[in-house]
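In C-alpha cells, one chain follows: the form predicted on its own.
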Amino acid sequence: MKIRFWGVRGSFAMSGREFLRYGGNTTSVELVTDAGKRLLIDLGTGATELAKELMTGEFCKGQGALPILLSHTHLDHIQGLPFFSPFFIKGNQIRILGAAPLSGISLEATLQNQLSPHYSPLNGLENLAAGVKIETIIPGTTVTLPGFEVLTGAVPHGSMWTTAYRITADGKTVTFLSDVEYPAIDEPIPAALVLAHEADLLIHDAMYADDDYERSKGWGHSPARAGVVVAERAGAKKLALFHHNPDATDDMIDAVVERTAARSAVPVIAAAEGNYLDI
C-alpha cells in the first residue's frame, strides 16, 4: 500500500515560501493498494491537486471509481468539494462516506448546502455529472471498500465528535486520527488505542506545538505529544504529525518534529505534501 498527502494543514490553506516543504493545502490523504485500488480521506483543498492527477487517467474518460471517507464536515475538510474535477465527468462513480453531523441534519443535506447558490455556482449535488452516492456510516462499525477494510470510530473534537479510521490493505494498516482532543494529553480514549493498535502508520492531529497547547485547550485539537502517547501505548510502528497549524512555517514544523522525536520511542515524521510513500 502507498500513501500520499495532498493536504496537511488545518483550518485554512496557506501559501508562501515559508510553507513550501510541508505544503499549504487543507486535509486530503490518498491511499492506493498494490492492485491500484484507491481511497481518499477528506476533501480539503488538497483534493483539488489530486483531481488534476486523476484527470490524466480513467477519470478523464468517465471510467473512474473512488470512495471518499469524510472525517467530518468542517470547512477545511470539504473545501475541495466544489472544485473536484472528477465530479464533472459523466460516468465516474464516486462514493462519499461519513457520519451524520451532530446537528441532526443529514450528511447529504450538509454537503448539498456546500453547493447551494449562496456558495457555489453548481447549485446542488444533483448538477454534478458523475454518479455521486452519499452514504452515512455509524462510527464503531467496519466498512468494506474495494481493496480496503475500514474500521471506524468516534473521537472527541471540542463540542462535537469526528470519525477516525483504521484502514487495512495489502497486509498493512494506516490509522487516521485527525481533529481530535482527549480529556488530557496522557489520557487517550480507548477507541483511539483500538484504532491505532500496531498500525504501520499512525496519522495523528498535531495542530499545536506542546508549548502552545495550554492557550488552546478545549478547541478540539491535539499537541504533538498526544500523538506520541497514542502511538506508544498502541504499539504503532511510525507516527506522522498532521493537521499542522496554518501559521506553522516549515522551520517551525521541523522544530516540533525534532523535539517530539527526542521524546518518543516511535519514529516520528511530519506529514508533507509530496510523493507516494510505501507503507
Partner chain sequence: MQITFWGVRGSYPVPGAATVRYGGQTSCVETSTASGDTLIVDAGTGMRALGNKLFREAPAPEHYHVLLSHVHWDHIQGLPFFSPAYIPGTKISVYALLTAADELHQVIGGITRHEFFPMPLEAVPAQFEFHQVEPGVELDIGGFHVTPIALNHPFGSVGYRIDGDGSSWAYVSDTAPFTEVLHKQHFLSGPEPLSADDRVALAAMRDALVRRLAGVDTAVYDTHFLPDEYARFPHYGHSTPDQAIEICLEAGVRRLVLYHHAPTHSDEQMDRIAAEYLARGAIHNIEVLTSFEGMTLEVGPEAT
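Note that the structure is a prediction, hence the values are computed from the model and not measured. Positions refer to the first chain, counted from 1.
Just so it is clear, the following notes concern the form predicted together with its partner chain, a form of the same protein that is not shown.
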Scan 136, 142, 93, 113 and let me know which has any heavy atom within 4.5 Å of its partner chain in the predicted bound form. 113
Looking at its partner chain in the predicted bound form, is some heavy atom of each of 11, 75 and 79 within 4.5 Å of it? yes
Exactly one stretch in 63 to 71, 45 to 53, 250 to 258, 31 to 39 has heavy atoms within 4.5 Å of its partner chain in the predicted bound form; which is it? 45 to 53
So, in the predicted bound form, is residue 101 in contact with its partner chain at a 4.5 angstroms heavy atom limit? yes
Whether residue 269 contacts its partner chain in the predicted bound form should be assessed with a 4.5 Å heavy atom distance threshold; does it? no
Give a yes or no for residue 193: in the predicted bound form, does one of its heavy atoms lie within 4.5 Å of a heavy atom belonging to its partner chain? no
Under a 4.5 Å heavy atom criterion, is residue 183 part of the interface with its partner chain in the predicted bound form? no
Judged by heavy atom distances of 4.5 Å or less, which residues of 117 to 147 approach its partner chain in the predicted bound form? 117, 118, 119, 120, 121, 122, 123, 127
